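Taking the form predicted alone, here's one chain by itself in C-alpha cells.
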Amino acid sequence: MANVAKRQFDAVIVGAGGAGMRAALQLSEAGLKTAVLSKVFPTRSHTVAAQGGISASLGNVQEDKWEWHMYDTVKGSDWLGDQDAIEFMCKTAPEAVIELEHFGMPFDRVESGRIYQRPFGGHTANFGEKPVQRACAAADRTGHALLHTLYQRNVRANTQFFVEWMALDLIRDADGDVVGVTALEMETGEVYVLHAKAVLFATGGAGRIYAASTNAFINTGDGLGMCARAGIPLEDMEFWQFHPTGVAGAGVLITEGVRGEGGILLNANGERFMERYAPTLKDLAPRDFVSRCMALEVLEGRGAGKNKDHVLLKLDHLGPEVINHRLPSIREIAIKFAGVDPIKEPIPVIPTTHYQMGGIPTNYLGEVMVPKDGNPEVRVNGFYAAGECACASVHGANRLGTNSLLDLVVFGKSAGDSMIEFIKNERPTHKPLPENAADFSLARIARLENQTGGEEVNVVREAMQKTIQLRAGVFRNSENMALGVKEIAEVAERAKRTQIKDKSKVWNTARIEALELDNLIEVAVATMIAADARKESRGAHSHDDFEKRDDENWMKHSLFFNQERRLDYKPVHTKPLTVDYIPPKERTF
C-alpha cells in the first residue's frame, strides 16, 4: 500500500446532498476536521431535484399535530416503518424546518409572513379524516433552495469539500470496524486512502437500476455497492417507489405539488378516475396507491394518447397566476419535455421509478446496525448512514411525499450528533489502517485496465435496466420475478467482465461509469432476490399472486447479504419512543 497517498480526517462523509451536508455542518461546527466527497459539485447533488416541499406539522395554514404526521407516515409505510424512528422524525420536523428558515432558506410565505404550506399525498388531519396543508415549500424548487442553503452554511463552517471524487470501497479492520474509505480523484485518476475516526454514507438512491427513472445519472447506488462488497447487508431492497407523475416518454419528474395545488388526473374519457379508487383523498392518496390506479386505467384501455399508454394531469383550471407563481419549473418542464403548455392543456404522465425505500440498515441515530451472534441489530463501530441510501426505516414499504427532504435534515443532523459523541467518547484517536487497505480497490481498477474479450459497460447496464424494468415494476408476479432472479444473475456475471477502451488517467469517464455499474449491479441483484421472496402485497411491492398484506408472516424487514446471495429478516420496531403503538389496519383513502 506504500504507493497510495493517505489523508487523515476526524470524519469523512460520502455524498454532498441534503443528508451529507446537514451532517457535515454538525461536525464542522463542532470543530472536527471534516471531509465531504462528492462526484459532482455539491449544489448539483440530486437533492436539487426535489420539488414539492418538506413536511412539518407547523400548522401555519390549518391545525396540525406531529401525532397526525406520525400516523400518516406509519400508514403510508404500510406498517413496515419503524415506529421509534417515525416518531423521532415527525416530532423533530417543526424544529428542523424552522432551523432551515433561520439558516436563510427562502420559503414561500402566507399572508401572516409564516412559511407557506400546501396539501400533499397521504398527509391528513385527525388520523386520516381529510387532507392537511403540511408541505413547506419554496415554489416548486424546494430541494434547490434547501441544497443551496446548506452549502452556504458549510462554506461558512469551513467544511472541506472534495469535489469530483468518487468513493470506491469501505475500509474495515479485523474487528469489522470502519476506519475510512478509498477514493478516486477523477481529475488525476489517482486512488487515495482517506483515514477517518468515523465515516458517514449519504450517497443517495440507485434509481438508475431501472430503464425509466426520475433519478439523475449520478444516482448509481454507490454507498449500497460499497456496503454489499464490505459484507454489510442491504435492507428492504424490494421496495421501490414509482412516482405517479413522470413525464410520459421522458421520465422527468412532475411534482405531486401540482396535485397539492389542485391539479387532477384524468383518463382518456376525461374522467377524474381517482374519485373511484380513493373517495376521501382522491388525487392526494399515497404514491404507491395512485401509481397502481394509473397503471390499471392504462391496462384497462382508458389510457390517453395515440398509443393509449399514459394518463393526463390537468392544471389549466388553476389559472396562470397560480401556475407561474407556485409551479414555475413545472411549466418549464412540461413545455420542454412534453411539448405542452400546462396553462392551456394537460401534461401526459405515467408512473416512473423515483425513490428507494430500502438501503443501508440504520437506527434513528444514524448508526449502521447489522445482525451478529443472534442479535438482529448490532452497531458497526465508526459507520453511519443517512438520507435515501439509509433505511432507518421511516418509509417502510412506501414513502409519503415531502418526507424525503425531512428525512435528509433530521437524520443528517442526528447522524452528525452521533458521530461527534462517538469521536469524543469512543474513538478520540485514529484506529490503525489494515496493511492492505487499498488493495481491494486497486485490484478492481486493475481488472478494468487489463480486461480483454469483455463487454461494453453500456451494453451490460442496458441489460440490467431492461431486466429490472420488466421484472420489478408497478405490478409483480411470481413467474415474472423468478425469471428476473435468473436473468439478473446472468447480467451480474457479465458485469464481472466489463471492458473499457479508454485507459487514460485524467478525467476518464469510461472508468467511472464502469465503477458505477459495479455498484448498480449489487443493488439490482438485491432488489430482484428480495422482491421474489416476499409473498405478499405491501406498499410499493404489489404482488398479483398474493394480493393481500400478510402481517403474520411478512411484517418484517428483509436483509440481503451479497456474499452468499442470501436473505435474512429482522423484526419491525413496533415500540415508539413515547406514544402508543399504532396497530396495523387496512389502508383505505
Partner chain sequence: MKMQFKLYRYNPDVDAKPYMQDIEVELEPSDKKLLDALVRLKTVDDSLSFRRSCREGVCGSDAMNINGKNGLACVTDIAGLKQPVEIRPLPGLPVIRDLIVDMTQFFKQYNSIKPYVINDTPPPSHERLQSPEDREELDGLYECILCACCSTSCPSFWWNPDKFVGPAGLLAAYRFIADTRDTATNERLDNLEDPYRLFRCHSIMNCVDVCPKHLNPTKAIGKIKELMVKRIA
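Because the structure is predicted, anything quoted here is derived from the model rather than measured. Positions refer to the first chain, counted from 1.
Separately, the form predicted in complex with its partner chain exists; it is not shown, and the next lines address it.
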> For the chain shown here without its partner, which stretch in 341-349, 225-233, 266-274, 450-458 has non-hydrogen atoms within 4.5 angstroms of its partner chain in the model of the complex?
Replying inline: 450-458
> Though only this chain appears here, would Arg208 touch its partner chain in the model of the complex if you measure heavy atom gaps against 4.5 Å?
Replying inline: yes
> Can you check whether Ile98 is within 4.5 Å of its partner chain in the model of the complex, heavy atom basis?
Replying inline: yes
> Quick one: is Lys424 in contact with its partner chain in the model of the complex, heavy atoms, 4.5 Å cut-off?
Replying inline: no
> Arg476: heavy atom within 4.5 Å of its partner chain in the model of the complex?
Replying inline: no
> With the partner absent here, would Val36, Val179 and Val199 each sit within 4.5 Å of its partner chain in the model of the complex, counting heavy atoms only?
Replying inline: no
> Of Leu318, Val252, Leu365, Ala304, which one comes within 4.5 Å of its partner chain in the model of the complex, counting heavy atoms only?
Replying inline: Val252
> its partner chain isn't shown here, but in the model of the complex which of Cys293, Val191, Ala463, Ile218 has a heavy atom within 4.5 Å of it?
Replying inline: Ile218
> So which bits of 352-373 sit within 4.5 Å of its partner chain in the model of the complex, heavy atoms only?
Replying inline: none
